[in-house]
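Below, in structure tokens: the form predicted on its own, a single chain.
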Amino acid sequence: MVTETRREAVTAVVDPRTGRPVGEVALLSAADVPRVARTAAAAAPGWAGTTVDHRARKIRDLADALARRLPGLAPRFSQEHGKTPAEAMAELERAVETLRWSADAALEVSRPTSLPERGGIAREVVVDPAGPVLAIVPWNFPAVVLARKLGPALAMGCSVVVKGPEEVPCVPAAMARAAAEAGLPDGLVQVVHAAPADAEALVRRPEFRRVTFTGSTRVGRLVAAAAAEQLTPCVLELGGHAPVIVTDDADLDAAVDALAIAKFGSTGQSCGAPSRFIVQERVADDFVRRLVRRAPAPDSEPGGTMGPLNNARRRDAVHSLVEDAVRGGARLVLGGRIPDTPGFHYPATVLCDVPPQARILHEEPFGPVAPVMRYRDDAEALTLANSSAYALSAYVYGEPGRARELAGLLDAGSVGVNCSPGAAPDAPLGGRAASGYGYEGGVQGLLSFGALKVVQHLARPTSDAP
């Protein structure tokens, strides 16, 4: 957690397991905002003028430099964030993989594409670098989200200013050191931390040609409004409230094994984590019993495998949603109580028969809470699943043919059918409605940092006059 203070322009970095400070990070001053933006603008043309092969080699060097830092970085990442050491290392390894994929994929994406000749005119589509990029990175998955922004932006020829998360500064700092070790030009990658007003001032700067933001829907709307003043295109990967439909012909053992990992991994602090469990009424009680048995214990307890929430605000917000659901008639089957231990631990919590008006079904829980509802038929399941303003991720567990049919009727940017695999570097990740717009990952994510240009010329030059 970060306890923000403007005194001396620093914030404290807090260990979520103890609630005690373990460091501090300097904040960007308002006076420095123009300098940072101008430095990015000055660095952009030189990098854009290099070949894509050169950029790809440098990004691979960046990935290698980051990989060498993982043994020392993972413990600090775990301490600042609250992830378990295994989760911290796994995310860092995914970040390295993402950087390497970006370098390789850019070689293909950056090639001009020919269009059919039209009226004697030859045509091709060229992808130019978009220009300086402002990348705003969240605290919940800072390593992999940063890699999904930085790798493609650099590969497409853009300079990047990273507005890092104050809660977990070690990750962007390590990325900046790796960039320097890889020999990237000065000013090409800048890492800053900023109070909200100064971050908003960065978004408003005319030097930035793209803004990519991952975070809450509330803040995403503010980012979009500020960027609109300069007509700066945005990629917004915002909140989620992922429904899970479990049919009566699902393999419950397999479903619960996968869903417990997806739900309680990183203590549920993921916008793509399953957060509304819609279970066919004939198997609902059996599903709940299995989920309770599979739920992890906090790592503050002997043998526990789930870390704390990142900060006190998150813990208190999660508990408020649980209390509201119970007051409304939900049955608390597991957890639901703030432990009397240091730090920001919260137990894995399962709620059964959650009423439709409960806030937890409408507000992103972002914590280790599984609210379960029953449904009678597929039509009701789809109505419940598609009732949220969020539309980022969804899941269906059931007989494969039936589950795929239901998946086709869900309103979401991605749907897992009998699996919960998470985001991969080569797949586009994007939401709908209150979950944002634009894409990161995949070819679509690379093109987010490009500007298309159609070049047209006479297919057969006219002969010279005699």
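Because the structure is a prediction, the values reported are computed rather than measured. Each residue number is its position in the shown sequence, starting from 1.
Below: the form predicted together with a small molecule, not depicted.
V223 is the sole member of V223, C352, M89, V256 with a non-hydrogen atom lying within 4.5 angstroms of the small molecule in the predicted bound form. With the partner removed from view, the residue among P169, G367, G215, G265 that has a non-hydrogen atom within 4.5 Å of the small molecule in the predicted bound form turns out to be G215. Per the 4.5 Å heavy atom criterion, the small molecule in the predicted bound form is contacted by stretch 191-199, the sole one of 123-131, 227-235, 191-199, 299-307. Shown alone here, T84 lies farther than 4.5 Å from the small molecule in the predicted bound form, counting heavy atoms only.
When the small molecule is considered in the predicted bound form, G240 lines it closely, a heavy atom lying within 4.5 Å. Using a 4.5 Å cutoff between non-hydrogen atoms, V219 counts as a contact of the small molecule in the predicted bound form. Mapping the unseen interface onto this chain, V145 counts among the residues with a heavy atom inside 4.5 Å of the small molecule in the predicted bound form.
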